[in-house]
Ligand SMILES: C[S@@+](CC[C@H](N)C(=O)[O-])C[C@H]1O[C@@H](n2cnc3c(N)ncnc32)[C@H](O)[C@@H]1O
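We begin with a single chain expressed as structure tokens, specifically the form predicted alone.
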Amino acid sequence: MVPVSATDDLSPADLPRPDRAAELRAALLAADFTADGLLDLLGAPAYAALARSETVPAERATRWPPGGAPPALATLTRLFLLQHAVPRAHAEAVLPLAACLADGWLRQDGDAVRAVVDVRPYGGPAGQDWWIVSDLGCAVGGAAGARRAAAAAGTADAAGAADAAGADLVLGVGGASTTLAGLTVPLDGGRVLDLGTGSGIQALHAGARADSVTATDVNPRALACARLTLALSGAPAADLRAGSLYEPVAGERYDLIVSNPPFVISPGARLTYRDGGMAGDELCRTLVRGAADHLADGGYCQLLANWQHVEDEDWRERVADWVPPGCDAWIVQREVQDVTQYAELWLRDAGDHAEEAGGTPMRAQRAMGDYAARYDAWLDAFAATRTTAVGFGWITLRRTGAAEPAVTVEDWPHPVEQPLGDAVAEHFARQDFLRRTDDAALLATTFRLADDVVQEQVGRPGEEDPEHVVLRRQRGMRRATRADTVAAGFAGACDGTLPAGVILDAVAQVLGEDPAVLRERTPGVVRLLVEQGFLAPAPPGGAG
């Protein structure tokens, strides 16, 4: 374990120092270099394009006639987001330029200055103005983005420069980062571990609600960027530690562990930010299996992961087997790619395709040869392990100590409503309720139908009775479930005033069924409606 929160020993020389970050933050705020300010300047289409690493719309929005001084916000956008050299006088008008040059945020380029790092405005969940610090070109794109940034900066051999730095590149905010931040259960205090912190976005979120945050990474450059992110955003400092997986926190327990790990299933370990250096999906399995030893009672571990779909194996059983004893789990597969799609995605991320390589025709031809060889190596690795596809999704564990943990594994490619942190916590609370409630107690419980549930009737036009009824939630996971007449009638009557058994007796009377028979066969239906969040135990005092 190497703590680095109070030392500069592991700070790379080519990254800024955080000493006067407060001065820079004040200048950024004064210029409205914030998420909201950018949206106003660029407009929604250009703002969204920038999040996809498409810069042309932002270039157009920040052009300024020669001879005039551009607005401060346009100058900062071109400097930090588009990575252009800007005239020294323009930078001096909006930034504490001497401090920025001395501390390494900017570098001199003739009569202009350039950014040393990408500084990207980011809006916090409670309206905070934050900034994420990452390597140039890596705010959204991976190594391919760094290669483009090197080319834009005029590096003679952009491909070589990017490849040389590639192993230690630090990414900024991408879709995976924001997905995990939206999934994270809300804490009121407690200890948080951000494992594999990268640019520090999860530590930034955690610091807004936790008593203490420990952030680890195998890449010292990432720890330096995380420290810059926290300092520039005015967030509490984290306990930063260098090391792999759980090694830096041996013997320690946390109320929440979050991780966006290097989960890419690749035939080699070229890029630290994505390649974990273990065979197949072993890194993700290791993280999940080891979580229980580092969770406090009731603590959560939440991470993003890839997993292999192996020929003649059920992926659900395979991933469920990762869950350690004493932990409930909720595993959600959001996307599946066949092995060719997967290889192409990550080869482009690395900038291996000729389109990304740039340069002379000879260099492009050589790049195509390298691309084909690397593509072939990925397919060889998948064939050797009988992998047919790769799944991507979320894994949440909760340490309960239960003798019979509740493990839910599901394929859910449908749209969801972020943030989902509250929905995740509610899912595990429902598991606790169902585990301690037998059928007799279930029928004695008073339930409320969730406020966002609507009923849809499905059938052919003109028919008097529907073929079936669908109950659909409009928030969170936006689940839908088919319901028969009994289930629909029962759910509709759950307003927090009558116990479930009494409602079932009334439904039986309306339908002309035996109440005892209905009571015996319906608890399974009620449990499913509770498990999926359509029904929740009513608070004491009933509906009012």
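Note that the structure is a prediction, hence the values are computed from the model and not measured. The first residue of the sequence shown is number 1, and the count goes up from there.
Omitted from view is the form predicted in complex with the named molecule, to which the following refers.
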query	finding
Distance check, G172 to the named molecule in the model of the complex, heavy atom within 4.5 Å	yes
is_contact(T77, the named molecule) in the model of the complex, heavy atom dist at most 4.5 Å	no
Partner proximity in the model of the complex: G326 to the named molecule, non-hydrogen atom cutoff 4.5 Å	no
In the model of the complex, A296 touching the named molecule (heavy atom, 4.5 Å)	no
Of A238, V119, A224, I201, the one that lies within 4.5 Å of the named molecule in the model of the complex (heavy atoms)	I201
The unique member of N306, Q431, T214, S177 whose heavy atoms fall within 4.5 Å of the named molecule in the model of the complex	S177
Among 438-446, 110-118, 191-199, 81-89, the region lying within 4.5 Å of the named molecule in the model of the complex by heavy atom distance	191-199
Residues of 230-263 having any heavy atom within 4.5 Å of the named molecule in the model of the complex, listed in sequence order	G243, S244, L245, N260, P261, P262
